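First comes one chain, alone, set out as structure tokens in the form predicted alone.
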Amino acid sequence: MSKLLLTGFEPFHTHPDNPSARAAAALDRLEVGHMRVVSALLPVEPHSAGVALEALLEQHQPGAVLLTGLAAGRPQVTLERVALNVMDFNIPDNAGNTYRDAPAHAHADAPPAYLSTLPLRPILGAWQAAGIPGHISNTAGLYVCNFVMYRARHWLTQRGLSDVPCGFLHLPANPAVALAVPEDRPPLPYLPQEEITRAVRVAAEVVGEGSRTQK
């Protein structure tokens, strides 16, 4: 059975929790179409995240890749259309580093950007049918989320696997993240963790069912 690699991130910055990590853990080993979910947690530091991600891709040779992360402040789940070959951090990563105008991949053959190869419109339609508000975003930011989407697409493309469904899903805050906001800061929109996990599951099911129809 083919594998769907599902990744989340560890907590970072001032956030005590990360809904992407919880969703990935909850969905590990789920069967979707002709695929089985294999979940993993990535560090919020680009170099170690890149090493870990490429090791996972090499180990599992997945038939699809669904990368997820927290976008605190966004009110709903969002599919990212594009990843840029740029790192420009507004906050430090978990190693305390901040990058400005740096490439996500410095090799000469690395293009300026990669588009998602996930079935964006079918996932969006499935969310709507399931009563889950969501939309397609045209910016994944320039933090570690954008970095891993770019690196995953580049790794696959360099190996002749550019048709493998691969992209990024940003998640809103869960209650634990929202509750940690200081009283002097604006409140964060949030969703229950169960609803966030359901959104990720629906996206994985669309990708998995797509694999079934391609058999």
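What you are looking at is a predicted structure, and each value in this text was computed from that prediction instead of being measured. The first residue of the shown sequence is 1; numbering continues from there.
The next section is about a form of this same protein that is not shown, the form predicted together with pyroglutamic acid (PCA).
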query: Does pyroglutamic acid (PCA) get within 4.5 angstroms of any non-hydrogen atom of Y99 in the predicted complex?
result: no
- request: Determine whether any heavy atom of A104 comes within 4.5 Å of a heavy atom of pyroglutamic acid (PCA) in the predicted complex, and answer yes or no.
  value: no
field: Any non-hydrogen atom of G63 within 4.5 angstroms of pyroglutamic acid (PCA) in the predicted complex
entry: no
field: Close approach of C166 to pyroglutamic acid (PCA) in the predicted complex, 4.5 Å, heavy atom
entry: no
task: Determine which one of 143-151, 52-60, 180-188, 25-33 lies within 4.5 Å of pyroglutamic acid (PCA) in the predicted complex, judging by heavy atom distances; exactly one does.
output: 143-151
- prompt: Would V44, G69 and H170 all count as contacting pyroglutamic acid (PCA) in the predicted complex, using a 4.5 Å heavy atom cut-off?
  reply: yes
query: For 2-21: residues with a non-hydrogen atom within 4.5 angstroms of pyroglutamic acid (PCA) in the predicted complex?
result: F9, F12, N18, S20
